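In structure tokens, the next block holds one chain alone, the form predicted on its own.
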């Protein structure tokens, strides 16, 4: 498969490593300063585009993918406010876009099982919950997309009875129906997420810690392999079943 990269920071470079190792070819890189004509040329050569650039660039990158009729993987976070408008745009144009707040396969398993456990225990008397995430000091958005995904899944699983709060109030205590999201930014941390459960007699902590960016890159490349030949507006959750059951082979 021929892949065009949008953005060439640390995640873009990780995607290049993983894609090359899986036998794919990087046909070009689109950066902030890349002229429009060159952007279109890269897209035309690609079978799929993978975007790990900036949140404010996502609408333009979607427009490029639709104009050139290329599948687009969006790994950039922080563009939630535009999601519904972009989904309508993609479906109206019969385009092909797949997005995720986190492309790590292990993170998706972590989210599923963490929410299931928390949902069970929070129905019992005396249990409380919180979320903590830690990332490198250069990360632009907070809380992380994964922390937001965990918070919202938990919120919906509990029928909206518990409301996530960030930042934590400084002049009052949390309401009984609120739970906190804690954020730390330090050094070069790839990403750590914790679900914290405190009960009358027990403390449970479920942690996912990324060892490198390659796990996120691997998921994005697998998503690109899955997306080619499909049209629609997808989430990574729709890819996972094929990956985990080994039904989707490398193209």
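What you see is a predicted model, and the numbers here were worked out from it, not measured in a lab. Positions refer to the first chain, counted from 1.
Omitted from view is the form predicted together with a small molecule, to which the following refers.
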property: Contact test, all of 71, 89 and 234, partner the small molecule in the predicted bound form, heavy atom 4.5 Å; result: no
property: In the predicted bound form, the one of 139, 113, 153, 82 near the small molecule [non-hydrogen atom within 4.5 angstroms]; result: 139
property: Listed residue (158, 180, 101, 134) with a non-hydrogen atom within 4.5 angstroms of the small molecule in the predicted bound form; result: 101
property: Residue contact check: residue 10 to the small molecule in the predicted bound form, 4.5 Å heavy atom; result: yes
property: Contact label in the predicted bound form: residue 211 to the small molecule, heavy atom within 4.5 Å; result: no
property: Residue contact check: residue 57 to the small molecule in the predicted bound form, 4.5 Å heavy atom; result: yes
property: Distance check, residue 221 to the small molecule in the predicted bound form, heavy atom within 4.5 Å; result: no
property: Region of this chain that lies against the small molecule in the predicted bound form, out of 181-189, 62-70, 203-211, 30-38 [heavy atom, 4.5 Å]; result: 30-38
